[in-house]
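In structure tokens, the next block holds one chain alone, the form predicted alone.
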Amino acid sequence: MTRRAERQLAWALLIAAMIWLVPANTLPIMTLNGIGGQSSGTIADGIKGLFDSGMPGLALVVFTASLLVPFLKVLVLAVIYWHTPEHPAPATAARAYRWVYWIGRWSMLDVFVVALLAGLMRFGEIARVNPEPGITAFGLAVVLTMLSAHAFSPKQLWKDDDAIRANP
């Protein structure tokens, strides 16, 4: 695959991830059915609920892992892709790329938590957790971001040796 084709694939996957981040953050991620009734909410609703319940530390962790990191990953990759080829600071861009690539494996934590809760919380009318479309959209956004980072070769951050020889 040529460098241009790699960049185009990386951009296409990143744009798809950006699109899926919208429903991931606007649709409910899970519904809790219990004796007290039924409640469903988005990621932001969960963060607000944790903060209102007196758990600001946990709310900050969820905010960071569920909202801040996915948007930062997309932003970092977009900046790297935008300046490629001939990135003005290739070493810095390569470090940022490695961070996005490394953090990608931890981004599915929300999906695993909802899946675990849905599997464990099956107590009939007493308590039940059901996954909602928002968690599917979130999982797709995470996977597409990881695929985008994987499709991109950080070698593209530096000038091509042939181009340097042709234009010294």
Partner chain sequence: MSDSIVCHDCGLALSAPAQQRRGEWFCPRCRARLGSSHRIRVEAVAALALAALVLWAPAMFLPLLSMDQFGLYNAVSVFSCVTALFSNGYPLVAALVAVTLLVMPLAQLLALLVTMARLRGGVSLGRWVWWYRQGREWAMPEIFLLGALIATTKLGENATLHLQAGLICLLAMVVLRLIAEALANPAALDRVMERRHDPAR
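Positions refer to the first chain, counted from 1. Note that the coordinates shown come from a computational prediction; the quantities given were computed from them, not determined experimentally.
Beyond what is shown, the protein has a form predicted in complex with its partner chain; the following relates to that form.
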Met18: heavy atom within 4.5 Å of its partner chain in the predicted complex?
no
Heavy atom to heavy atom, is Gly37 within 4.5 Å of its partner chain in the predicted complex?
no
May I ask you to check whether Gly119 falls inside a 4.5 Å heavy atom distance of its partner chain in the predicted complex?
yes
Within a 4.5 Å heavy atom cut-off, is Phe51 in contact with its partner chain in the predicted complex?
no
Under the 4.5 Å heavy atom criterion, name the residues of 1 to 34 that approach its partner chain in the predicted complex, in sequence order.
Met30
